[in-house]
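This document opens with one chain alone, in structure tokens, the form predicted on its own.
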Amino acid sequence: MSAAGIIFSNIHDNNIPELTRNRTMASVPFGCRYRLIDFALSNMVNSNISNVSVVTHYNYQSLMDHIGSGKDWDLARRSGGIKILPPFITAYANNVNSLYTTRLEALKSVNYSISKITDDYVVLSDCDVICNIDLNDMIKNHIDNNADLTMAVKKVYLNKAKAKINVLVDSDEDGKITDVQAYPTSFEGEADINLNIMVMTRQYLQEVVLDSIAHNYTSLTRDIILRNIGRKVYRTYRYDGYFACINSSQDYYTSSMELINDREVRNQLFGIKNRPVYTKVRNSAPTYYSPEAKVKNSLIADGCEIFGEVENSIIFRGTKIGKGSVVKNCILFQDTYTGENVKLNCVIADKNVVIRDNKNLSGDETLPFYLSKGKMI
């Protein structure tokens, strides 16, 4: 039994347009030193999936820089390894068919590469799935039940706002899917949500893609799964660990803050034996803390210089906090520079932001203040 992996890198870019203006969702920084794609990639590598394709469309320069040859994930291989798959667009393509917005359209755009897969099974995953899941167990569950498709789900409580951005899955006591509700507008209560991780046989995936091209299907949920419930064997795989999906800037901020404030979240993501989260390795000097520096309840990467006060914040590599500056409840990306006597609260600063002396910037937990890449204030 062998499995290949397919990761979608651009599907949810519109969820956080501030952070994806110059990068894909897959390469959005997270948790001091990681990118969102690191979790999906690590889940696959830890489950012995060594043939991984990343389907992308645009803004993928930073993604290619992060992945490189794949050696940091042990995917720099002569056979298999990791591949970036831009869509096939002819010189005569028009504006209608040159962009995709759904997973099924993305799969149709790389149909040629899918036809070359020789592994028995294929794992499909979004890039913004923040979890540490045992895909080996999920694939085994898929095989044992002779399923055509197995979908990872998690039972959560949803208010109406959360329900309308999720796909809800109904299943019987044996785990067989009986119904799917795509983005319901009036649901409230407990339900199984689709975690956007699926397992299919290679033959069934190829059949789905070819059928979708022939009939111009565009939605994997509405046009494939809903049409075939009862005719195909669709099953759920229940995941009970920590899971987060980035649906907005507030979700990104909240999920980041959970890393600081909840030890159980950190343990479920980074503390599972034999399932580490891999990322690109950079050789940086240790962070320097001046005698006047005060740091409390924060995650700080290497290569930083801290001369001021940092509390309840996430600080990426190469960031400098000037003398007399106070940084609270903030996320500062790589190479951010703050001058002296700067006050920051609930701020997300993208890469290479410069904040001059004596500035005072504040957002709110429900609406963090965002500074775009390279901004100088």
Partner chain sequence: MFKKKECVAMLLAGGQGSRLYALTEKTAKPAVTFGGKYRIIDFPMSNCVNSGINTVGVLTQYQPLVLNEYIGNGQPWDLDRMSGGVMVLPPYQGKNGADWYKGTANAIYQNLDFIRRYAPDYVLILSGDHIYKMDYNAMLQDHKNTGADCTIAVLEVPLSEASRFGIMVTDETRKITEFQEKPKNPISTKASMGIYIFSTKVLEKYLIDDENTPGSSNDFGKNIIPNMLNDGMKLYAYPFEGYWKDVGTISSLWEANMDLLGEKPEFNVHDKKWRIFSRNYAAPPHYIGKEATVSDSIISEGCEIQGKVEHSVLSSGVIVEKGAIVKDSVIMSGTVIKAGANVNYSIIDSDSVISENAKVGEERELAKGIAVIGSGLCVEKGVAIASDAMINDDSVDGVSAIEK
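What you are looking at is a predicted structure, and each value in this text was computed from that prediction instead of being measured. Residue numbers count along the first chain shown, from 1.
Omitted from view is the form predicted together with the partner chain, to which the following refers.
- If you check the partner chain in the predicted bound form, you find no heavy atom from any of 137, 176 and 228 within 4.5 Å.
- The partner is absent here, but in the predicted bound form a heavy atom of 297, alone among 115, 216, 248, 297, sits within 4.5 Å of the partner chain.
- Of the residues 203, 284, 159, 146, just one reaches the partner chain in the predicted bound form with a heavy atom at 4.5 Å or closer; this is 284.
- Taking non-hydrogen atoms only, residue 187 never approaches the partner chain to within 4.5 angstroms in the predicted bound form.
- Contact between residue 309 and the partner chain in the predicted bound form is not found at the 4.5 Å heavy atom cutoff.
- Using a 4.5 angstroms threshold between heavy atoms, residue 86 stays clear of the partner chain in the predicted bound form.
- Put simply, residue 31 is close to the partner chain in the predicted bound form: some heavy atom of it is within 4.5 Å.
- Segments offered: 150 to 158, 129 to 137, 102 to 110, 299 to 307. Contacting the partner chain in the predicted bound form at heavy atom distances within 4.5 Å is 299 to 307.
- Residues 260, 263, 266, 270, 276, 277, 278 are the members of 247 to 279 with a non-hydrogen atom no more than 4.5 angstroms from the partner chain in the predicted bound form.
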